[in-house]
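Before any questions on binding or motion, here is one chain by itself as structure tokens, the form predicted alone.
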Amino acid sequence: MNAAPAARYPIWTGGRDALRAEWTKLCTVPGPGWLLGAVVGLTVAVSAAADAATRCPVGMTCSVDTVRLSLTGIQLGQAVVAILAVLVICNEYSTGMIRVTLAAMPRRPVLLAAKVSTTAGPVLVAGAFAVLGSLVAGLLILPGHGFTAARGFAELSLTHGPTLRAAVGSVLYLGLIAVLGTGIAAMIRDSASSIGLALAVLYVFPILTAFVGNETWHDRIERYTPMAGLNIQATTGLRALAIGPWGGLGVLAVWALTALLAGGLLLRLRDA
């Protein structure tokens, strides 16, 4: 009697094969490469535009967090990351190729883990380039607009502890957005609906904070929603934050892992 597939193929072997297959798909389809390039290009461009539009004339007091300002583009780059993560899964459902994928890799949790890895990994690399490019843009633009170390503004250098934390945290932030988008796509399986929900999760809560007048609910929205993850970029006024930098990133991690677990459960229970 032949052994069951699970007994013949250890989980690490299946995982390695799934990673190889997902990486091959990622490299042979042009879309992901363009989206990863857009993450870098749009993030740096928006950050540079925000730097160029902000000035601190001599003789005036400016309460500007120059590091956070230089990383403004992350707020647009995250949308491209979410779209990329959704399409990695939903494109296979729209074409029907998911049936072939599941036939080749019946262990659905392993398959989902492979998709997360091959999406979040490149996003982290693209995020690193995007963050470095944004900081370089700030380093070149902001001193000429009055934001200098001599006037007490933070150094846009990775040797500066708070700047390094903001930079590394921003890269991790984009990686978590990729995980969040993957989880949402695994739950919904439709590209348009998944992208709509992912973007709503990222942008509706910040909009709500502008309209919620109740201080308690305003604080709760800032503390317990994915937007809390952007606090990792703050280098000044930390006491005024609803939640600390690493705590905020932890909140985003909870959202991302919850979405991934829910997506994995539904992927396991439903038919292709």
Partner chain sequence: MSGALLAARHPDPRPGRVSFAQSLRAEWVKFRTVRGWVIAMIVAVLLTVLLGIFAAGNVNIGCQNGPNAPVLTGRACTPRYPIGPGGEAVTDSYYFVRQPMAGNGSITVRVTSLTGLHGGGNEHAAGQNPLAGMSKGVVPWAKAGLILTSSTKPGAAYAAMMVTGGHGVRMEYDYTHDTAGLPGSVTATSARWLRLTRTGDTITGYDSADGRHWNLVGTAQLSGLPATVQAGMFATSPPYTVSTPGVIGTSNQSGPSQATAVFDDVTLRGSWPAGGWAGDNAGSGAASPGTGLGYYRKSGTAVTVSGSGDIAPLVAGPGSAGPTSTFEQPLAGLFIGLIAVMIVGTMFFTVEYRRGLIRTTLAADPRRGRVLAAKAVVAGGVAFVVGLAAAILAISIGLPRQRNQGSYILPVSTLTELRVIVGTAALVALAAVLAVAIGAMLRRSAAAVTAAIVAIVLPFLLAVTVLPASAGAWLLRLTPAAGFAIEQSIPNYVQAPAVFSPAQGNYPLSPWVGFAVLCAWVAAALAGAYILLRRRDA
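If you're wondering where the values come from, they're calculated on a predicted model, not measured in any experiment. Residue numbers count along the first chain shown, from 1.
Unshown form predicted in complex with its partner chain; subsequent notes refer to it.
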query: Heavy atom of Ser94 within 4.5 Å of its partner chain in the model of the complex; finding: yes
query: Val58, heavy atom within 4.5 angstroms of its partner chain in the model of the complex; finding: no
query: Its partner chain contact at Glu155 in the model of the complex, heavy atom, 4.5 Å; finding: no
query: Ile221 within 4.5 Å of its partner chain in the model of the complex, heavy atoms; finding: yes
query: Candidate stretches 161 to 169, 123 to 131, 107 to 115, 196 to 204, one within 4.5 Å of its partner chain in the model of the complex by heavy atom; finding: 196 to 204
query: Sequence-ordered list of residues in 203 to 227 near its partner chain in the model of the complex, where near means a heavy atom within 4.5 Å; finding: Tyr203, Val204, Pro206, Ile207, Leu208, Thr209, Ala210, Phe211, Val212, Gly213, Asn214, Trp217, Ile221, Glu222, Met227
